[in-house]
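As a starting point, one isolated chain is supplied in structure tokens, in the form predicted on its own.
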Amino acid sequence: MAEKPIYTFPPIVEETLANGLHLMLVEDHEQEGITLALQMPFGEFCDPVSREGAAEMAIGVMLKGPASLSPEEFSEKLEHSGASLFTDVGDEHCILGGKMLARSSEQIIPLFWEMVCNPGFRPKELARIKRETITGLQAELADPASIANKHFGCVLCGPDHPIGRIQTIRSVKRIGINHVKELCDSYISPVHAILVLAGDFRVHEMFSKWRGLFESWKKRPGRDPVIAGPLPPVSGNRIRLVDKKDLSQVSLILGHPACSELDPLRNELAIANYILGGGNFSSRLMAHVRSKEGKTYGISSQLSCSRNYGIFSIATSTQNSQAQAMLASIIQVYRTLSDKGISQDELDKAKQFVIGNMAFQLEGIVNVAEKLLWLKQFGRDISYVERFNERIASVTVESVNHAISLYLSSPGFAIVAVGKKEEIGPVLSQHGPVETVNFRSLL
């Protein structure tokens, strides 16, 4: 007998309009609310070289409202109706969304759509967003973990790959309103865009009422979506030390390329990552490096996957005096997993977490809308989620260990350390040539 689905989506009605916009309508009367979420293949990888941060600012300016209203008037209309906006700007995609009461939809949906189709590109609002962004970047200079994370992509991929380009205060200052407009004109279009409407409505009424509005978004010639290619393996250690002389601790990130989201072994690798360092106190890294050896308060690993590439990383911090032993312990735990694989008991516990985590991601209609966009982004149908527990149940020790042999057995690592050069440099040099940069390179 087949297992009960982990989740059953409400009925979904789909249609692609004449302008290329793909609509997904989800009728759900559990709560008196409506969510709309617009996903476009426009993200940080679209940033012009030397103007990193432009895509995020373009979306930020759009969120200030349409050209027909001042930002204050736009905000007042949203607040008066109890509506709110949300956004997520990723590497290759972004989401613009709104949440509202069903009874407010007649006011908010046209307002949202006008914001998308005819945003008010106001230099004053861009200047305000730039100031806020620069303030945030300046604050990050006091956070060694944030500094390490920014440099890691560059060390792993190089500056010519979009992952390797770093947003700095200097790059943000270069962004003008003309760059924001050009980005929007080039990439924001109904073609390749997906709009999910989910919540308390009747599908046929929603179609008849709003079809004309959604089709009013005009097609225009633009650039193809920026989708990054696969990453080459790391054959030897690439090491960068970010010198920050006032630190008594060192922040470390090390990692390498991994599988893409669409790889058949992606779930197996996610389970392996959970066992190694994604499972908090149950993970091997926490048990060995923190609990047994007491070298840090926290250590974790992460698997991040996109369409054509994936990245595996381990992040932690420790006292300068413990840096050598810490790095050796991390590599030892990693190599033990690579050489010997996982046990059945570890697999069983990881499966429970992975299945439960997927169910948690589907709580509430907003999460359901975003999960539908995620499925569309990777060309999957809803059965991928509804039968996710069956997929995970079929994972075996042998299949996970096969994924480990392919993707968690890297001969080398990209390594970034943020710390005091005089104390950390000699430790890192034992693992290969060290490139040293000043932490102020992010200014």
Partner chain sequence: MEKSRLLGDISDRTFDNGLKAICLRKPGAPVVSVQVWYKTGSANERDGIRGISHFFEHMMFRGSKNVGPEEHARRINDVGGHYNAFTAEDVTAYLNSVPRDHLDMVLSLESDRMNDLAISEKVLETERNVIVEEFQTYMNNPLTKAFLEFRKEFFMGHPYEYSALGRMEDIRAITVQDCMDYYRRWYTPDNALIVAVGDFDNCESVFEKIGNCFARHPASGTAAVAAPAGPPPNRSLRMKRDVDFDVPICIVGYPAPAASDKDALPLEILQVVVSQGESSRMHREIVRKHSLAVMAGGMNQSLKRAGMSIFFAMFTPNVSQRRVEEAIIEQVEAVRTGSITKAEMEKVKNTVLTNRVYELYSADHICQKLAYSETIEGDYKRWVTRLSELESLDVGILADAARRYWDESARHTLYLKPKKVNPLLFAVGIARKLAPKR
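All values reported here derive from a predicted model rather than from experimental measurement. Numbering follows the first chain given and starts at 1. What we label the rigid core is the largest C-alpha set whose atoms superpose within 1.5 Å from one form to the other.
The same protein also has a form predicted together with the partner chain, omitted here; what follows describes it.
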Checklist entry - Do Val437 and the partner chain come within 4.5 Å of each other in the predicted bound form, heavy atoms counted? => result no
Item to check | Ser81 within 4.5 Å of the partner chain in the predicted bound form, heavy atoms | outcome: yes
Next on the checklist: Please determine whether Gly33 contacts the partner chain in the predicted bound form, using a 4.5 Å cut-off between heavy atoms.
Outcome noted: yes
Checklist entry - Though only this chain appears here, would Glu125 touch the partner chain in the predicted bound form if you measure heavy atom gaps against 4.5 Å? => result yes
Item to check | Contact segment among 64-72, 407-415, 386-394, 46-54, judged by heavy atoms lying within 4.5 Å of the partner chain in the predicted bound form | outcome: 64-72
Checklist entry - Exactly one of Cys154, Cys305, Ile169, Ala228 has a non-hydrogen atom within 4.5 Å of the partner chain in the predicted bound form; which residue is it? => result Ile169
Checklist entry - Here the chain is shown alone; which of Lys219, Arg223, Arg131, Lys209 has a heavy atom within 4.5 Å of the partner chain in the predicted bound form? => result Arg131
Checklist entry - Using a 4.5 Å cut-off on heavy atoms, what residues in 217-239 are near the partner chain in the predicted bound form? => result none
Next on the checklist: Taking the rigid core as the reference frame, tell me whether Ser84 has a CA displacement of 2 angstroms or more between the shown form and the other one.
Outcome noted: yes
Checklist entry - Using the core for the fit, does the CA position of Ile331 change by 2 Å or more between the shown form and the other one? => result no
Checklist entry - Is His402 one of the residues whose Cα moves 2 Å or more between the shown form and the other one, with the core superposed? => result no
